[in-house]
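One chain comes next, on its own, written as structure tokens: the form predicted on its own.
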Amino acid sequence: MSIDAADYIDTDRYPIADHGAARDELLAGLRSALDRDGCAVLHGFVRPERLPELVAECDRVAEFGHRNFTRTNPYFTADRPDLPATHPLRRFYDRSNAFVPADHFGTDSILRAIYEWPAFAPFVQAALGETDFHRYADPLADVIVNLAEEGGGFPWHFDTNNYTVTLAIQNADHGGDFEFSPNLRTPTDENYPGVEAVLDGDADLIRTLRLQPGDLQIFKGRYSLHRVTPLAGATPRYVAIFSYVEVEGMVGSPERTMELYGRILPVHVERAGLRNDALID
């Protein structure tokens, strides 16, 4: 089945494939938002009448989501007993993940069609202003869906990558708000007092987004503390993640891939320079 991504994207509102004044104006607005807040949202990026097809695609593969439960601080680092208990490096929270690996999104996938649409990556790259920008070569992680269920969510954290590109597909019945504190730290200043204030609930430092199905979000999360509030209700929250990297041909490490997806492929072992029997029983 041949899928045309342009049939799903509201190209009248978002003419990302048409190099002209309308696209330039759209990009200027996104760049301004990203420079100011580290966050830009294209509301209704997917046509509302096509959303049920995306939900159905996620429903079909939800059973393949790999669930991972951990406790983590906002930096994904080990505890620091030498610091005060209130320090951000010592603030640990429950984190639950369920990711559907990318190899469940094949040539019949709407999400893959959007990801591989020739106009999509150059548009995202132009919005971010990135020079080195490539589709992720990891066969388990280039296009994935995060599945979050009742009681789940993402606690406060900084991303380890510079940016994320996500598409909201289905919200939970309750909860699931995206909260963030833009530009809270810099490459030279961790601003631990500011981080501690956010963790303590300082509303003046927190912005809240209630993303709706069909919204595309471009977010610079390395320097903006953020979380997804706890979910409630029987309806799972579906968010697609389109992955891009600065180094062409990059794949995940075997350890991180096993943690997120519950398995690895030969390419992960080969790129890590390990023997196949070193990590595969």
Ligand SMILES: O=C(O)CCC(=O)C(=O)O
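All residue numbers are counted from 1 along the displayed sequence. No experiment lies behind these values; they were computed from the predicted model shown.
What follows is about the form predicted together with the ligand, which we do not show.
Asker: Wondering, does F123 line up within 4.5 Å of the ligand in the model of the complex on heavy atoms?
Answerer: No, F123 is distant from the partner.
Asker: State yes or no: in the model of the complex, is some non-hydrogen atom of L54 no more than 4.5 angstroms from a non-hydrogen atom of the ligand?
Answerer: Contact with the ligand, no.
Asker: Heavy atom to heavy atom, is R207 within 4.5 Å of the ligand in the model of the complex?
Answerer: R207 lies outside the contact set for the ligand.
Asker: Determine whether any heavy atom of A40 comes within 4.5 Å of a heavy atom of the ligand in the model of the complex, and answer yes or no.
Answerer: Result no; A40 lies far from the ligand in the model of the complex.
Asker: Using a 4.5 Å heavy atom cut-off, which stretch among 181-189, 78-86, 102-110, 153-161 contacts the ligand in the model of the complex?
Answerer: Looking at the other structure, the answer is 153-161.
Asker: Scan V228, I218, V245, C58 and let me know which has any heavy atom within 4.5 Å of the ligand in the model of the complex.
Answerer: Looking at the other structure, the residue within range turns out to be V228.
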